[in-house]
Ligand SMILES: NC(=O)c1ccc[n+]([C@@H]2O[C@H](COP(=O)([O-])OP(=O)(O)OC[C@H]3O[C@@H](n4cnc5c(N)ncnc54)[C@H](OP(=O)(O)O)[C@@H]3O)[C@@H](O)[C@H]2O)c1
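As structure tokens, one chain now follows by itself in the form predicted on its own.
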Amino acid sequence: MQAITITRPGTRDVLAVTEHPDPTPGPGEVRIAVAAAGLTFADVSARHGLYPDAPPTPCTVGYEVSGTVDAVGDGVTTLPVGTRVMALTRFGGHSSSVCVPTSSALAIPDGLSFEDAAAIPVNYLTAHHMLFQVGTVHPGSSVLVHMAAGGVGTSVFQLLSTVPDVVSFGTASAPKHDYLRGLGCTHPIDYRSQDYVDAVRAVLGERGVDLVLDPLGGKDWRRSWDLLAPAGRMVAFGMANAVGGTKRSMFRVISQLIRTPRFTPIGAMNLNKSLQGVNMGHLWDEIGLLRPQLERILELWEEGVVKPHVHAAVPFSNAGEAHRMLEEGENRGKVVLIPDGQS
């Protein structure tokens, strides 16, 4: 099988396609011939050496795949060979063959392409979990989404369409604003020329916003927290500010950590605000929590609400270009990786 290997922490040239024997599914597992694999910002951070959960290098990362079951382990009856599936993987997803427990794989409809299916698990689960599991969005809520034109942001705005009368804000560069409006974002904000705090308050006043989804970290967590309305919620789900450029910068990491605010239970109580952390990778084993959400997302795909937007499908051998798209914030929606030799 092919695998995209991070040979050592570093720039994009540390990525290499390596060959390995196909894995053998164990009891209760299926083996998937991977047709597409999703790329996330966590994967990019792992290449930089800034993702603490990643295996030691050399390693293959990747949290989500789609493809066809081509072998099954003992006791498997629900997903026979030939079943088209999407699956959650805790690393190893950037391979042409991967084994997963049957509980981590779901059959997909014939009308759902493999590329679109690979764009669903991480982004839509993250969005659904933040909005409805911990964010308690309700009719009339106001929501601010940072990095709004990426894969998670795209998912958030589509899912918000199921809630009436939401006022939404999304930070993105100006060329992406038409894309955001097409997703239903009420107020796109150009973070390069506008202060997003001022832009939100210009619409909502001093009361602030009900929910902020913040993958930025550092000083932005403080600004997002200060922007919350009474009973507001901030969901921290990444620290993108710690990654910049093509090389790892410990100075940048440390500077962002220094700027991270210190929250206290008494302070949150007195302000009537709440902080929720979301790290989906740490929930991958909580399949009883995640699977019903993923099943609901597939229902919403059937209803036409969920519409994965694949910015680019990139061959394994050009994985560095896929990483560049995320590093430079070029992507609108999802970037997926395709094993070499597939059309």
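The structure presented is a predicted model; accordingly, all values stated were derived computationally and were not measured. Start at 1 and count along the sequence shown; that's the residue number.
Here the subject shifts to the form predicted together with this ligand, a form of this protein not shown in this document.
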| item | value |
| --- | --- |
| Heavy atom within 4.5 Å of this ligand in the model of the complex - residue from 188, 135, 215, 92 | 215 |
| Listed residue (57, 279, 317, 276) with a non-hydrogen atom within 4.5 angstroms of this ligand in the model of the complex | 279 |
| Output flag, 122, 173 and 176 jointly within 4.5 Å of this ligand in the model of the complex, heavy atom basis | yes |
| Stretch in contact, per heavy atom within 4.5 angstroms of this ligand in the model of the complex, of 79-87, 93-101, 215-223, 161-169 | 215-223 |
| Heavy atom of residue 333 within 4.5 Å of this ligand in the model of the complex | yes |
| Partner contact for residue 207 in the model of the complex: this ligand, 4.5 angstroms, heavy atom | no |
| Partner proximity in the model of the complex: residue 196 to this ligand, non-hydrogen atom cutoff 4.5 Å | no |
| 4.5 angstroms heavy atom contact with this ligand in the model of the complex for residue 301 | no |
| This ligand in the model of the complex - contacting residues of 131-158, heavy atom within 4.5 Å | 147, 150, 151, 152, 153 |
